[in-house]
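Heads up, what comes next is one protein chain in two forms, each shown on its own as structure tokens, labelled structure 1 and structure 2.
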Structure 1
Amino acid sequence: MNIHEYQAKKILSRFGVLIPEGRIAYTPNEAKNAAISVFPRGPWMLKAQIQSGAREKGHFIEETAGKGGGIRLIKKRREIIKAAKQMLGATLCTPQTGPKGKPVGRIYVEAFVKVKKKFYAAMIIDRVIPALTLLICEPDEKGILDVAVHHPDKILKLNLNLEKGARKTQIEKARKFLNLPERSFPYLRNLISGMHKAFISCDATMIEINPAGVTRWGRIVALDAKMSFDNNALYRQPNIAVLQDEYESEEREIKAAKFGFKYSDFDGGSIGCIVNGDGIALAAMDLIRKNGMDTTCFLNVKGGVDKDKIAAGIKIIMTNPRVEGILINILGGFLRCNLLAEGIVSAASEVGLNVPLVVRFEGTNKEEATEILQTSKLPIIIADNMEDSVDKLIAAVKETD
């Protein structure tokens, strides 16, 4: 689960990380008032709150939003309302959101902090070791990803003690790596220990400060912040769980989540897949692409597939207008195929089956299931294995065209 920048900053500041003064605004008027209260004379940063990186490099789809990106420096008071009006309600596209973009429902108004130097700091789990790892880097104008690919030696990786966090020597190493003055040491310690405490206390999976700014006086301020959390630990993090922003998810994702399913949507493509694992989803998508088509969405129904759940899942996929063919590929441990077949038939009879549907399953009662599908008189195609299922579906979709 991800949260917005302003929420992440609030959490981090509770653990000692310095942040600029800021307030959230839902309307242009609120933006103006927020600006006056956080920093009477300005300038201010107006920051679109969508869960994506590279917001400043993004652009708005609507022309009315002007040419600026999702993060704007505002110097005059009267420009605040104008900029807020442009951004609120508009759709921001970044390299991380894809061309569909995300609607901006709130903006964070923040005091502009003048800094002499900026750097990148992140905390994440290096799953291979596995260890809690601090990443520190001073990227050039090409950005952190470019450094990661072409100059990995310019990134300092420090494995931290899970409980205790960074040792003094590690913080000192980071300070020297960044060429920060000695007087910055306590501020760097605040930043790193704040990130660590927030990470552990909140069951985070990622904290990214991109960038942190160093002021003339050596103070270190988090100019941006991103946090992601472990969905499996939300049961013990009620204060984090309430921050979930449903507007960040697609309607179908939310519907699917209610059944414990995972729905994923892609740009383009025309095939909808229903599977019971990510691995099999990926393998099916690869095969579909190899055969000249693409997947537009998939639904992972995970374990415990029953009749009603599968019917609900199929409805989520069937009502996606981009879907021109459906592939159901379920490899169950103890899945009873007859229940699955009943679910398919009930969903198809309810919402109508206007596109080809190919089913491939393994599990108990396969013969009984095949009979249920055949006697339903619905145009359902049954396949023997994965490649057969993709071949049959693509042939059927092409025929319908």
Structure 2
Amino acid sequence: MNIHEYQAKKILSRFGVLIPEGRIAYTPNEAKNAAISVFPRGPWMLKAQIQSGAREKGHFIEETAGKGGGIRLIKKRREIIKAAKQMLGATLCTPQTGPKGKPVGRIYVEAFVKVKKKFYAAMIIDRVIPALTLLICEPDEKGILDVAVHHPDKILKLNLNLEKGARKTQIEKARKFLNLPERSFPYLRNLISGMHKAFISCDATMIEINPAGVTRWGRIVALDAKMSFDNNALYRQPNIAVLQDEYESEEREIKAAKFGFKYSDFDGGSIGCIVNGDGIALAAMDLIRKNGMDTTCFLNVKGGVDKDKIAAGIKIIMTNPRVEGILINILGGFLRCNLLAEGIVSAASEVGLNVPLVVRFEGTNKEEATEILQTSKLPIIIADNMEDSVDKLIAAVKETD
């Protein structure tokens, strides 16, 4: 689950991370009042609150929104309402949203902080080691992604103690790596410590501060912030769960989440996948791409559900107009294959099956599941393994073209 910048900053500030003064606004007048409240003389930053990076590099679809991006520096009080009117209700497109963009329903009005230096700081889980890892770097004008791809040596990676966080020597290493003055050490320690505490306490999967700013006095302030959380842990994070913005989620994502499933949509592609694990999903997507086609969406189902929930989840994929073929690839363990088979039959009987559907089962009650599909008299193709399932689906889709 992702949240907005202003929400992430509020959480981080509770754990000691320094942030600029700011207030959220839903109307132009609220934006003006917020600006006066946080920084009477200005200047201010007006920041569109959509869940996307590179907002400052984005553009609005509507001409009435002006030529500015999703983050604007406002120097005069009389310009606040004008800028807020332009941004609110307009559609912001960034490299991450794609051409359809996202509507801006709120803006964050923040006091402008003058800094001498900026850097990138993030905390993620390195699942290969595994370890909680701190990433530090000074991105170039092209951004952190360009550095990660072309200059990975410019990123400092520090594996932290899960319970205690960063050691003093690691913080000092980060300070020297960034070429910060010695007086910045306590502020850097404050930033890293706050990120670590927030990460652990909130069951986060990622915290990104891009950028952090260093003032002339050496103080370090989070100028932007992004947080993602483990969906499986939201039951013990009620204060985090209520922050989810359903307007940021696609309708199919919301429907899937109500049944405990995870739905993901992609640009392009024509194949819908139903799996019970991200690893299986990625493997299937790679095979599909290797065969000259691409995935448009996938649904990750979990164990502990009944036939009706499975059927409801499958209908999310079946009713997607971009789907020209469906691959169901299940390794049955806790999720019994026969339950899934019953759900497939129920969903297909209700909404119809007008695209090729290939099913591969392996695991608990596989034989019973296969019999259910075979006796349903539905045009369902059964495969023996993952490679076979992809080959049969690609062939079936090409036959229908």
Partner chain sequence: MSILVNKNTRVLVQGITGTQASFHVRRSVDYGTNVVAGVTPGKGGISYMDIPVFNTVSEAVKETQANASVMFVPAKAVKSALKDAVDAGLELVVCIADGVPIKDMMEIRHILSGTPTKFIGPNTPGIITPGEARLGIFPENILQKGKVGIISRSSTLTYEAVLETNRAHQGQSTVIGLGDDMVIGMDFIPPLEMFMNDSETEAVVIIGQLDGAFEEMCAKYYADLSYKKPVISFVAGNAIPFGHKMGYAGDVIAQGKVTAEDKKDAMKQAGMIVVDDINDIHKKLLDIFNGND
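Given the structure is predicted, the values throughout are model-derived calculations rather than measurements. We call the rigid core the largest set of C-alpha positions that still match within 1.5 Å between the two forms. Start at 1 and count along the sequence of structure 1; that gives the residue numbers used here.
**Student:** Of these two, which one is the form predicted together with the partner chain?
**Tutor:** The form predicted together with the partner chain is shown as structure 1.
**Student:** I want to check Leu12: does it shift between structure 1 and structure 2 by 2 Å or more at the Cα, with the core superposed?
**Tutor:** It does not, since the Leu12 C-alpha is displaced less than 2 Å between structure 1 and structure 2 after the core fit.
**Student:** Rigid core fitted, is the C-alpha displacement of Glu324 between structure 1 and structure 2 2 Å or more?
**Tutor:** Yes, Glu324 moves 2 Å or more.
**Student:** Please determine whether the C-alpha atom of Pro95 is displaced by 2 Å or more between structure 1 and structure 2 following superposition on the rigid core.
**Tutor:** For Pro95, whose C-alpha is compared between structure 1 and structure 2 after core superposition, the shift is less than 2 Å.
**Student:** Mind pulling the C-alpha shift for Asn385 between structure 1 and structure 2, with the rigid core superposed, in Å?
**Tutor:** On core superposition, this C-alpha lies 9.3 Å from its counterpart.
**Student:** Core overlaid, Ala312 C-alpha shift between structure 1 and structure 2, how many Å?
**Tutor:** With the cores aligned, its C-alpha sits 3.8 Å away.
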